[in-house]
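Only one chain is given next, in structure tokens, and it is the form predicted on its own.
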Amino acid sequence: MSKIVKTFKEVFKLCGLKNGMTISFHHHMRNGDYVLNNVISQLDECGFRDIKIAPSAVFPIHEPLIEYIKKGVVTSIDTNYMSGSVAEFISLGEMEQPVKFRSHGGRPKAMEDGEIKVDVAFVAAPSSDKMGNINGVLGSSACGSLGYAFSDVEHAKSVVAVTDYLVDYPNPYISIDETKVDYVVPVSKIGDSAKIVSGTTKITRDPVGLTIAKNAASVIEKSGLLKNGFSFQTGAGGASLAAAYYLKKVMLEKNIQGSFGMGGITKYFVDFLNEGFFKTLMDVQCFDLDAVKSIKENPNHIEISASLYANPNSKSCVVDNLDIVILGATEIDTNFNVNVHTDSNGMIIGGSGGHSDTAAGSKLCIIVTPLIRARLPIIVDKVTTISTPGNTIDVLVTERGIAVNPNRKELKNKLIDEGLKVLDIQEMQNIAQKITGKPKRARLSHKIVGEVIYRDGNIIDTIKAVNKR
């Protein structure tokens, strides 16, 4: 027996794929992904039209999507994150239907609820055997965790593993087993694993960034949450990694060991684990090749699904046990609402990912950002796009000081008593505007090009098209 199918044309027929159906992809290959472009190209060659796609993210490498949207091959996108040329194309109002933007936890919820009905899930499989036992840790395209694909294979009507590394049955490592997979399509290459690297993945050397990082570490230290067994998540940006570095020094001085680190995992978190600062890593996505190696070799580095990570519909999820998270922002307003979907001009540059999930679940959500970026103040009266509601944000940390959400009076008083520079967010806004002046709001059209869907399934904001220059 074998589930191997030689061509996409044949697998389309076997899956009963028709115009108007929905197909899904996962983004663990990130900007090195070849599978989405390959599949859509084959669909075009076979004459398919009106295909709805549900990739967990869209990256610059997916620029060919623009032509397939123009040709009517792809007519709808449901995703968690979008950047690059496709994001610019959408921002300019060039697609008829608005893109649906979800969170990493909201996506599996939508599949469970039937809001996203996947007809065929295409899984980029770094390693597979002939029956579809898949892992992400073997082969030249190894990407580590396959956490975002778990919901797809659980709920899709048909599942196709696309692999460039066939191994003898049974595969020695199994992340997704053969009971979930219908067909296996071998290809020459599923992607470039070197391009899974996210963000800077290097600690910032910028003095402003280092000041922000020290302030963030001080907030954590003085919050009362930094004790044995605490849990922590941070991003891969330079300031976030620097905050983790300073936090590590405090943990060493006070002999503190955390329970788990979580999120997109980088070398810095791997070092945390190997040096005993955390007992476990919970990994839904590897952000560099050190993390890929670690998840293969270290049993305390655990692959988890997006549903286990952050699905609010689940009986429980890991974000609800998260003590501290450090997140970024493109804008934050005086009500602590945060924007990570668009820039100040309204151009789509990203998406929530796990931002709103971890903000909602954690005990302490810290936003780290410079007070001024590209000569514009980060604090505004009203963000261009609400990605994460302000009632889930606890602290804003900048190089000029710290602002605490008025809902967290006890925390504010504690930080003041510890001698930290705590200001009202309006004070910080005034400091910035004295330097930059008050910025003008972006002029946007009335056309809706995106819907920001909160983790509970409700639309919390819309993204309007940017006026063409």
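Just count from 1 along the sequence shown to find any residue number. Just so we're clear, the structure is a prediction, and the values are computed from it rather than from any experiment.
What comes next is about the form predicted in complex with another copy of the chain, which does not appear here.
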Can you tell me if N255 lies within 4.5 angstroms of another copy of the chain in the predicted bound form, counting non-hydrogen atoms only? no
Non-hydrogen atom contact E399 with another copy of the chain in the predicted bound form at 4.5 angstroms: no
Quick check on P207: any heavy atom within 4.5 Å of another copy of the chain in the predicted bound form? no
Applying a 4.5 Å heavy atom distance criterion, does T79 contact another copy of the chain in the predicted bound form? no
Given a 4.5 Å cut-off on heavy atoms, tell me which of 339 to 347, 388 to 396, 82 to 90, 319 to 327 is the interface stretch with another copy of the chain in the predicted bound form. 319 to 327
Candidate from V159, V118, A217, M251 lying within 4.5 Å of another copy of the chain in the predicted bound form - any heavy atom: V159
The single option of E221, D333, D182, D290 touching another copy of the chain in the predicted bound form, heavy atom within 4.5 Å: D182
Can you work out whether another copy of the chain is within 4.5 angstroms of a heavy atom in all three of Y34, E96 and S188 in the predicted bound form? no
For a quick check, can you give me the residues of 289 to 313 that have a heavy atom within 4.5 Å of another copy of the chain in the predicted bound form? P299, N300, I302, S307, L308
